[in-house]
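A single chain, nothing else alongside it, follows as structure tokens in the form predicted on its own.
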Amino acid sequence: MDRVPVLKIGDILLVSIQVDMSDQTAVMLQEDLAERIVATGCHGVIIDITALDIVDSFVGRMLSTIASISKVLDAETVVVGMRPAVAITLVELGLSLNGIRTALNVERGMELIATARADEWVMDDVDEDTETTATT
């Protein structure tokens, strides 16, 4: 049975899907990724689907589920390397991949996560300043 590798790069977990996603492989990936997010404290997940020629509704749902799990565990998810045919198929299947950001490649995906984290830190600072002002 194939396992999808999950690599840690700084504050990001990189998942490169190089195998056909069976139900069992997808469930193992979801569990492995959730465990790695908790164990490492990473705040970003990049899923590279460059090697996937075809995406069906199952893979689309799997990506959405992984993004939801990651979000609950305080990690942003970005899907990278989507081919035009894959994007067309997802739209034709009615899968909008809500909650999932996309980028053309891993580098841009890392930039998206860094920007999202920076925006979150700014919002945290604003919230703290508002609380301090309200109590004084």
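Quick caveat: nothing in here was measured; it's all calculated off a predicted structure. Throughout, we count residues from 1 along the sequence that is shown.
The same protein has a further form, the form predicted together with a further copy of the same chain, not shown here; the description that follows concerns it.
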Since only the chain is shown here, I'm wondering whether Leu95 would be in contact with a further copy of the same chain in the predicted bound form (any heavy atom pair within 4.5 Å).
no
Please check if Val79 has a heavy atom lying within 4.5 Å of any heavy atom of a further copy of the same chain in the predicted bound form.
no
I'd like to know whether Ile113 contacts a further copy of the same chain in the predicted bound form, with contact meaning heavy atoms within 4.5 angstroms.
no
Would Ile9 sit within 4.5 Å of a further copy of the same chain in the predicted bound form, counting heavy atoms only?
yes
Partner absent here, but in the predicted bound form, which of 50-58, 95-103, 69-77, 26-34 has residues with a heavy atom within 4.5 Å of a further copy of the same chain?
50-58
Partner contacts in the predicted bound form for 82-103 (non-hydrogen atom within 4.5 angstroms of a further copy of the same chain)
none
